[in-house]
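First, one chain by itself in structure tokens, the form predicted alone.
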Amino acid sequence: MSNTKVLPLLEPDTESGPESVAPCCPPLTERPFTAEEAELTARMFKALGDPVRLRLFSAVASHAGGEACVCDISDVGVSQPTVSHHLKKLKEAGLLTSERRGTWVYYSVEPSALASMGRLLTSE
């Protein structure tokens, strides 16, 4: 029996722009996290805690046009199956989205996740 709980991902409000994205959690200095906020935040940072995943996330985030083909970012010193595994973990954590185009898969950073992480680490 598993105690795993599926947490909802935040959807960006595309009509109002990136400023209207509701973050998952308050800044660390605002108040203590609830259990659900801590779980969601830990999952995001756990996914980025692996150096290969962090490099892949950075490669996607900094790629021209805001998206990257897996064929352009897989040179991180591990095999292609391992790259696919790490990209899957980043997707499961809600940090990346993907779209298949023919043979290739294109990845982009989930805007609401990036906004949440940025807000979380700011001190207000």
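The numbering used is simple: start at 1 and walk along the sequence shown. All values derive from a computational prediction rather than experimental measurement.
What comes next is about the form predicted in complex with the DNA, which is not displayed.
Taking the partner from elsewhere, residue 81 is found to have a heavy atom lying within 4.5 Å of the DNA in the model of the complex. Looking at residue 114, you'd find every heavy atom of it more than 4.5 angstroms from the DNA in the model of the complex. Contact annotation: residue 52 falls within 4.5 Å of the DNA in the model of the complex, judged by heavy atom distances. Interface residue remark: residue 70 is counted as part of the site for the DNA in the model of the complex, having a heavy atom within 4.5 Å.
Shown without its partner, the chain has 100, 102, 103, 104, 105, 107 in segment 94 to 112 as residues with a non-hydrogen atom within 4.5 angstroms of the DNA in the model of the complex.
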